[in-house]
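Next up: a single chain in structure tokens, the form predicted alone.
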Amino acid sequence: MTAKLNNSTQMANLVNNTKIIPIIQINNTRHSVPLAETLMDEGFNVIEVVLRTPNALEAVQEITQNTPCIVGAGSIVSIDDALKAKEAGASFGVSPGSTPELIDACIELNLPYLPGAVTASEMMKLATQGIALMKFFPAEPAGGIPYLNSIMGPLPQLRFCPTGGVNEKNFIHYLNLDNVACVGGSWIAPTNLIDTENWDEISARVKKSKALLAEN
């Protein structure tokens, strides 16, 4: 229990000063550092690189070795994924759900972990293990803001990072919920903008999102 609580606390500390975690798919490794630098120049220093491409781990390594960006590895679904993410230099791991084996592996690897949960039962089970910060995925299909608002009553101690359908039009509404610590989304740096090296548009999207944050 103590180890799991410490791991969850480490994860919470990593995202304590961020409200938006860009979720990024990198198809070409040479885009890794320029993208990270673009985001950091605008004040976003926590990102999630999804392990959906053959070079994803290499991209994580490039960013961690060449920038101070805090990089998480997303879509971790196995112990092997967690091990490879840690070896690549990932600062944290994110998964769509969770298993006891994966939780234990992340603790053993000292890899702060954001497990996914979508039902009250999954949330309660993680809570009994000392995990208080969870990924709520897929957020919109699973009930979105009304669901998170309703779960706040019976489970007030839990905090969430909603992802999946979170976008530039609704992220503020998620962040206005007391049980939402931060949100994750791909609208900041979608794959087409990364592939075409459109760093100016990505910067503009960060500025627009930050302006919305400042207004609310």
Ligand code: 3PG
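In case it trips you up, residue 1 is the first one in the sequence shown, and so on. Model, not experiment: these values are computed from the prediction.
Another form, the form predicted in complex with the named molecule, is not on view; read the next lines as being about it.
With the partner omitted here, the residue from 206, 23, 194, 15 that has a non-hydrogen atom within 4.5 angstroms of the named molecule in the predicted complex is 23.
Proximity to the named molecule in the predicted complex, defined as a heavy atom within 4.5 Å, singles out one entry of 27, 186, 170, 67, which is 186. When the named molecule is considered in the predicted complex, residue 34 lies well away from it, no heavy atom lying within 4.5 Å. The named molecule in the predicted complex comes within 4.5 Å of a heavy atom belonging to residue 166. Remark: residue 137 counts among the residues lining the named molecule in the predicted complex, judged by a heavy atom distance of 4.5 Å or less. Here the chain stands alone, but in the predicted complex its contact with the named molecule, taken as any heavy atom within 4.5 Å, falls in 158-166 among 171-179, 37-45, 158-166, 55-63.
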